[in-house]
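Single chain ahead, written as structure tokens, the form predicted alone.
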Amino acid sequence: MNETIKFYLAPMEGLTGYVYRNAFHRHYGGADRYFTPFIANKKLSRRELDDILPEHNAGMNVIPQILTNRAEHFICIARELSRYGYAVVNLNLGCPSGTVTARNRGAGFLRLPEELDRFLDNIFTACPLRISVKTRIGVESAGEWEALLKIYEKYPVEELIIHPRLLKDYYQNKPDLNAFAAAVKTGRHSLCYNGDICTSEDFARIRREFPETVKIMIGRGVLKNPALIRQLRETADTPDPSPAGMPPAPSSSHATSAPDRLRQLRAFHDDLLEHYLGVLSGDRNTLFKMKELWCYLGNGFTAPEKYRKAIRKAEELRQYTIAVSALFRAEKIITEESAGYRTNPL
């Protein structure tokens, strides 16, 4: 049976919170599920609570993500989330950040498979919500993946989201498609592929390799090009060309020409800036957020280097907006980049 492809917006700490999700949803949309940056506190912080409040996520299918290696904390957070109407929660076993993994959380938990097994047994026994898992394939060696898969096979995981890199890879090296193929071969869980999908060519390659995989999570590719999910929906090559087998058609209001895409991106940027100014304390905090976004967004322009430098050096909101306006006036959007993703940090 052919299924419609589902696209997920990945959780990226500090970047894809509810302000970003709402602006993205208003201007681009197309994501079937939006995953929140991780919740790490047994008692939700003000920031974490703001991120999961239903009124801050209207019209979106949002899945909260939990980062912990203590079953009692996971269950406590899940129970709190159930009070806000959530039915599914995601376990973070993929974050490669040193500050996270040093405490054996995120992908760091993968170095303790026996403890991970006990943890999963406890949370699947007591958690009131369905549980999905986002994981890497190991810490130091792809040889770890077989044992980890056997652990996951023991539990009723709602879906297994696999970023086929090791912890030590961080975001370097290529995803290990053989590792993903091993998970496909077991057939135990509903799988979602995550990793280095930044162009239609990247997407087509994964579809050719794994035609049975109909769930795709994208993070950095969307931060670089917010129109990416819409573009992939427009060009999706599914086995069944009938309307029933195709992804939903994009709205006729979506921009398609290069000038329209530039205007749409500017409107998205301005909306995001306005809402950050409304919820963050002071212009400097807003500037920090927007500068972090430009580490990714700038890669979607033809020659952004001098403008990115001006954005980086801006100390006041006025300086920042002048630099951004100059970039939008002078440069064009790269609509497709066969070379794939690159990051040029500010």
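Position 1 is the first residue in the sequence shown; the rest follow in order. Predicted model, so just to flag it, every value in this text is computed and none were measured.
From this point on, the text means the form predicted together with a small molecule, which you will not see here.
- Residues of just one listed stretch (150 to 158, 107 to 115, 192 to 200, 258 to 266) have heavy atoms within 4.5 Å of the small molecule in the predicted complex: 192 to 200.
- Distance criterion of 4.5 Å from any heavy atom to the small molecule in the predicted complex singles out Phe38 from the list Tyr320, Phe301, Tyr28, Phe38.
- Contact annotation: of the candidates Thr286, Asn57, Thr68, Gln65, the single residue with a non-hydrogen atom within 4.5 angstroms of the small molecule in the predicted complex is Gln65.
- Using a 4.5 Å cutoff between non-hydrogen atoms, Ala326 does not count as a contact of the small molecule in the predicted complex.
- The closest non-hydrogen atom of Tyr307 lies beyond 4.5 Å of the small molecule in the predicted complex.
- At a distance threshold of 4.5 angstroms between non-hydrogen atoms, Leu15 is in contact with the small molecule in the predicted complex.
- Contact annotation for Tyr171: at least one heavy atom lies within 4.5 Å of the small molecule in the predicted complex.
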